[in-house]
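Just one chain follows, in the form predicted on its own, and it is written as structure tokens.
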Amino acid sequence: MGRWEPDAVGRLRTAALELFVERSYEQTTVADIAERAGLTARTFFRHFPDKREVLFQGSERLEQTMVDALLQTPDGVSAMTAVATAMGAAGSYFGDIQAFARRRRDVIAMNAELRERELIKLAKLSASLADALAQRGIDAIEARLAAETGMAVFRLAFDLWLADGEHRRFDAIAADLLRRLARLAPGA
């Protein structure tokens, strides 16, 4: 594939993931990724600060998508209803990337540095949701509680979405889990 061809970011992400699976994250260099993608290391660094970010690109957009959805919920809805709206927005954001996400999950699971990075990104997302709830006038403690509960649902929904044979959308799984959660604490 020539250097002039479009979608350098997609090509780099695909090449990196292939190499991380084949060789491991640790044994793959930026030069290896660029070569597999038919690009230069310089092009790689135009799009990513380091090879780790190939796996985490888009997390800021996901966070913004979820926060925007939460902030746009009608006045007077409960904190958990606002969080549920954010989960729905995440489902739209994820679309149909299950195959990529499954391979990404497997690469991250095999590397402590990447697992730590994943946890940091999830903690940042939770804090952003809590801040957005507080902006809506929700008590700070209740905002944190709703955001952390939402993140527990998010993590479980994501795991279920990536399970072999799963064909439902992420947002459908998250909605099902939120209904189950409501049944666990009737009247709460």
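One-based numbering along the sequence shown. These numbers were taken from a predicted model, which means no experiment stands behind them.
Absent from the display: the form predicted together with a further copy of the same chain. The rest refers to it.
K.L.:
At 4.5 angstroms, heavy atoms only, are D7, A31 and L62 all close to a further copy of the same chain in the model of the complex?
P.N.:
Per the other structure, none of D7, A31 and L62 touch a further copy of the same chain.
K.L.:
Here the chain is shown alone; which of A146, A132, L39, V54 has a heavy atom within 4.5 Å of a further copy of the same chain in the model of the complex?
P.N.:
After the contact test, the surviving option is A146.
K.L.:
Just to confirm, with a 4.5 Å cut-off on non-hydrogen atoms, which of M80, I108, A101, A89 contacts a further copy of the same chain in the model of the complex?
P.N.:
It is M80 that has a heavy atom within 4.5 Å of the partner.
K.L.:
Hey, of 154-162, 66-74, 39-47, 22-30, which bit sits against a further copy of the same chain in the model of the complex at 4.5 Å between non-hydrogen atoms?
P.N.:
Going by heavy atoms within 4.5 Å, the stretch is 154-162.
K.L.:
Closest heavy atom of L17 to a further copy of the same chain in the model of the complex, within 4.5 Å or not?
P.N.:
Residue-level check for L17: no, no contact with a further copy of the same chain.
K.L.:
Using 4.5 Å between non-hydrogen atoms, is E142 touching a further copy of the same chain in the model of the complex?
P.N.:
Flag for E142 set to yes.
K.L.:
Using a 4.5 Å cut-off on heavy atoms, what residues in 154-182 are near a further copy of the same chain in the model of the complex?
P.N.:
Result: R155, L156, D159, L160, L177, L178, R180, L181, A182.
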